[in-house]
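Coming up is one lone chain in structure tokens, specifically the form predicted on its own.
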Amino acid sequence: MFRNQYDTDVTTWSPAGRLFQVEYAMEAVKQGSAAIGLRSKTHVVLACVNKANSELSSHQKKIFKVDDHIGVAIAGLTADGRVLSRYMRSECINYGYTYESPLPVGRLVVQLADKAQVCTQRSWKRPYGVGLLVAGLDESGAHLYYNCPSGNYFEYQAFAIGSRSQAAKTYLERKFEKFTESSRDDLVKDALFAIRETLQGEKLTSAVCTIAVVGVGEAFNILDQKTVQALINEFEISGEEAPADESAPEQSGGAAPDQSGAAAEEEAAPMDI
């Protein structure tokens, strides 16, 4: 994937105005296992695909609890995601100790974006090769943010990142209009359907996905495998299927514009696992 002499340093601009090292970090996110987030007025659901490096190994954890009101799902280099989630946890603890109140989600996301941006402007650093979906609840309601390795961040109604995430985005773009008024169980159901879209024919079971929920009256928690499998069985028994494309996805107000522009991504990179 070597381009030219302009990609040897993160601080070197190409004549076209690009920072190739930052773009490579964003590519690492695309090669990670898929992560999905969607929110209503009262709840946010995170879901991710569990990918093991081999049949003899366990999968890496992809969803982390930051505080009772915040959690993250990651795609990309898991080690970087683990370090950033620890940083976020530390910021929440410090804020709570100082002000005796939960850290607002938007403020934490800005701090995380600033930390990522520094790594794009220092020659002795490298960008974090991980994308984070930050789910949280504060006084202003439920929030879902995406933090990019470039230091940019965006708030979404629903979004998907990682390998084969385009299929999940297409599903979310068809359904996003009803998410605002959806119940907790409906959000979980849509998250499972979106996860299934990324599996490309592989059977959906609780062993290949993880679901986490945060909302009004419910602290951030990761659902156990038995609960997830019961939900999967319930949807399959009732004969529900993800609806077929009725029309082209709306361009003006979908889950979000697809910044990757790739219809199909590669398998998870070895470093991701």
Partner chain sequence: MVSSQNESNLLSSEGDSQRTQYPYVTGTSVIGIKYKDGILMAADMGGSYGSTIRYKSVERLKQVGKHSLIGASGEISDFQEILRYLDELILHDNMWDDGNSLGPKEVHNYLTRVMYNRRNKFDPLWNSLVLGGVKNGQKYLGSVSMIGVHFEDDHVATGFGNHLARPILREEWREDLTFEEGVKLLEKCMRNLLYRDRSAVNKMQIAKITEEGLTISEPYSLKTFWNFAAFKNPTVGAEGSW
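Numbering follows the first chain given and starts at 1. In this text the structure is predicted, and so the values were computed from the model without any measurement.
Beyond the structure shown, there is the form predicted together with the partner chain, which is absent from this document and is the topic of what follows.
Taking the partner from elsewhere, R107 is found to have a heavy atom lying within 4.5 Å of the partner chain in the predicted complex. The shortest heavy atom separation between W124 and the partner chain in the predicted complex exceeds 4.5 Å. At least one heavy atom of Y95 is located within 4.5 Å of the partner chain in the predicted complex.
Although the partner is absent here, E181 sits far enough away that none of its heavy atoms falls within 4.5 Å of the partner chain in the predicted complex. The chain is drawn here without the partner chain; in the predicted complex, the stretch among 116 to 124, 98 to 106, 77 to 85, 168 to 176 whose residues come within 4.5 Å of it by any heavy atom is 98 to 106.
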